[in-house]
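Next up: just one chain, as structure tokens, the form predicted on its own.
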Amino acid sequence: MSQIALITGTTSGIGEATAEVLAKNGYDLIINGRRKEKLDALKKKLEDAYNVKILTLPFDVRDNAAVKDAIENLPTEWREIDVLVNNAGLGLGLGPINEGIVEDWDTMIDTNVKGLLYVSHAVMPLMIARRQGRIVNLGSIAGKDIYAGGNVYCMTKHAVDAITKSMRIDLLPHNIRVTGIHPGMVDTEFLIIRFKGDSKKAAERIAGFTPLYAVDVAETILFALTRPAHVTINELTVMPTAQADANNMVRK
């Protein structure tokens, strides 16, 4: 019987790549995102390519009522969720905190922190009832370090790191394994969103070195998920070879 994985933020980047990697490895998927047309296109692509079952679940993780409604009304055959990948997240802006835009702060906090909590809170009871499950939270090197202009984004990813550690303790009696994945620089739509559509600035951010690609992170997630039942990967920090930490990289 195939395992069921729920992945948030699958309409682009790491979420989309994770959906493809897991589908390729036989997982049935519940794919989430705000852009229904992209979810529908991904569903068709993965079903055609890998002969797996896909359920689309379009909602905004920032909307707790929508999250609860979506999870509570899952069809019976989709309620036995084995894996939750909390991937939905974003960064906005890269300026000093004194020049920060409050609306951007709210969006990052609501998505990266509260959205992760809302989805986890809705899904965890389904796992607890079965005494099994795995949760993967997408953090960032920004949750292990700080850098100029990172301020609130770094704060949200430090929060993800703390939540992940807390989940691991609180869910231990229920046999639920919790993993944090912390990538360095990744070449995805994330960079364009961060610079609010300015593709030139996004390209400059990764100029002169080879970053990670979404599939690299997706394959790291698969590695964590496919360890034996007695093994938990607490966390993995995954970096481009040319990047040592949040502040040190070598450009050609």
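No experiment lies behind these values; they were computed from the predicted model shown. The first residue of the shown sequence is 1; numbering continues from there.
One more form of this protein should be noted, the form predicted together with a small molecule, which is absent from this view; the next part is about it.
Could you check which residue among 47, 40, 216, 60 gets a heavy atom within 4.5 Å of the small molecule in the predicted bound form?
The residue in contact is 60.
Residue stretch of 69-77, 127-135, 86-94, 167-175 approaching the small molecule in the predicted bound form, non-hydrogen atom distance within 4.5 Å:
The contacting stretch is 86-94.
May I ask you to state whether residue 54 is within 4.5 Å of the small molecule in the predicted bound form, using heavy atom distances?
Outside the cut-off, so no.
Does any part of residue 35 reach within 4.5 Å of the small molecule in the predicted bound form? Heavy atoms only, please.
Taking the distances in the predicted bound form, the answer for residue 35 is yes, it comes within 4.5 Å of the small molecule.
Taking the small molecule as it sits in the predicted bound form, is residue 220 in contact with it (heavy atom to heavy atom, 4.5 Å or less)?
Outside the cut-off, so no.
I'd like to know whether residue 190 contacts the small molecule in the predicted bound form, with contact meaning heavy atoms within 4.5 angstroms.
Within the cut-off, so yes.
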